[in-house]
Ligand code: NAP
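First, one chain by itself: the form predicted alone, in structure tokens.
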Amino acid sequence: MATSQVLTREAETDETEVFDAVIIGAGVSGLYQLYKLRELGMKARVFETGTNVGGTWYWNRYPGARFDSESWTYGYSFSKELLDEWHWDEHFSAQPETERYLNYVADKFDLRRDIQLRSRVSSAQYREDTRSWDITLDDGRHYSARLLITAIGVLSAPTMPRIPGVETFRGQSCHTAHWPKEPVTFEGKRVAVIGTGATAVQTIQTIAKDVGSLTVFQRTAQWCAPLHNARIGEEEMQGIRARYPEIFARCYETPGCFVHSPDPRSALEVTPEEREAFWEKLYAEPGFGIWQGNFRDILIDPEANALISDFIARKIRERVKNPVVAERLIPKNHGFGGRRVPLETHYYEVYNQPNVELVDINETPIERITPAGIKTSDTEYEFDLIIYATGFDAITGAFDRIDIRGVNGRRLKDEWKNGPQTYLGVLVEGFPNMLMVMGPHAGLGNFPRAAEYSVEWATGLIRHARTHGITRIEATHAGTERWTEHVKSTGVGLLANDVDSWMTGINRNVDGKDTRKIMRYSGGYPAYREHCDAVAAEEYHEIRLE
């Protein structure tokens, strides 16, 4: 079969537009996947729910939203021209600049002509007779494609808390992931924030200076560390551009694709004085060094973890003047690094303000949202604005919100009810010609660094299929079992997998998400790439290619 014919569809009816590939999502990974499919000469269409491109950086425009990865490690690496043109304003870019960057990329590479905005995919059904996917949007429009590629993100399905009365509140309210585009004023307002995760931390520290009063409702305290952001001048940016090959090579070799990698020493083998000095140094440096560049054993050895947790706890007590509030802000149910560490700028100092109150809802639970505000077990608060920083149905949540059905009508949500099962985080048995970019059980970390590799690997598989006359790509049962068991084995001994968090599939605001599951590959990105590269080098022998 000629290359131009394989993985290519002919129109079946006048009503159904046909593509070689449909990509769901126009964020970081979806834009790059479209770029790579264009290189193969494929007819592709991206369906994006929003009114513009950007994915995470389109939706999450809440106050203070910004990177916790260094900006100059976050941008795409595939185009030297793009790298030479773009000037990052800050070491940790704020949401408006990141959104501008992704729009710049879409324009520079003329990607918009293949992107369909305001188009939410409601269902996708595999058809064995044509070896293709039927895609339906929520407005009823239908499309067909040989390949279905999901680029729907890891944290893209926001969840509201299960609190009665949410719809009765008479003031303004919103989830951080659905922040309005029009400006929101805080001056003189009585504001509530429900949640204290990374999103809440950024929001709280940003709005605290403007509000009339701020009440923070906390269920789970977080271990936060300083961001230490700074502006980037032209001279510094020129130096960064000169070092891009070195920077990306560094990200390529570290477990989380950051510029930080674990120190080879054990926290237990150095003297207390050396340990303290090292931690003081990391605490004073920008970025994730305190988490990703710490002693090699703080995330796996309970004794080492207890020591770093005690260090961070002492920092919180130093920064928060009220000892009762400080103790509430110190986690008691997990050690440092057991959850993804939020990076902050004067977050803890917010609680020294006389107009800021911290409410521990483990002590006084929220009973309901009222027309005037929030009622807890001991009092009722009145608010003008309620901000729900209640997180996401992570990793599999965005899949669950699309009715994806494979061979014989098998529903993906049902198949993953007890936890995802994938091959390399890219393919799913029983769902042929569906490829996931950054799917469950793939390597996670500095997102664009990981996503670029994921896109390139998927593109390599597609290229191989087109060259060899393949029209059906599917994970095998044996390959899926081996990979899923390997993913589980890499999580053994990792303290984070013993903690309830989005990284272990816990979200008590979602039915069926109340037991821990291994959701991501924990063996580090170099090991993940080694596995994937070996499969490609052996011509994808563990994948069913027909």
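Numbers follow the displayed sequence, beginning with 1. Computed from a prediction, not measured in an experiment: that's the story for all the values here.
Another form exists, predicted in complex with the named molecule; not displayed. Remarks below refer to it.
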Work out which of 433, 144, 196, 309 lies within 4.5 Å of the named molecule in the predicted bound form, going by heavy atoms. 196
Which one of 120, 317, 112, 219 is close to the named molecule in the predicted bound form, taking close to mean a heavy atom within 4.5 Å? 219
Only one of 127 to 135, 459 to 467, 321 to 329, 390 to 398 sits within 4.5 Å of the named molecule in the predicted bound form by heavy atom distance, namely 390 to 398
Give a yes/no on whether residue 268 approaches the named molecule to within 4.5 Å in the predicted bound form, heavy atoms considered. no
Against the named molecule in the predicted bound form, would residue 91 count as a contact residue? Criterion: heavy atoms within 4.5 Å. no
4.5 angstroms heavy atom contact with the named molecule in the predicted bound form for residue 484: no
Against the named molecule in the predicted bound form, would residue 161 count as a contact residue? Criterion: heavy atoms within 4.5 Å. yes
From first to last in sequence, which residues of 492 to 517 have any non-hydrogen atom within 4.5 angstroms of the named molecule in the predicted bound form? 502, 509
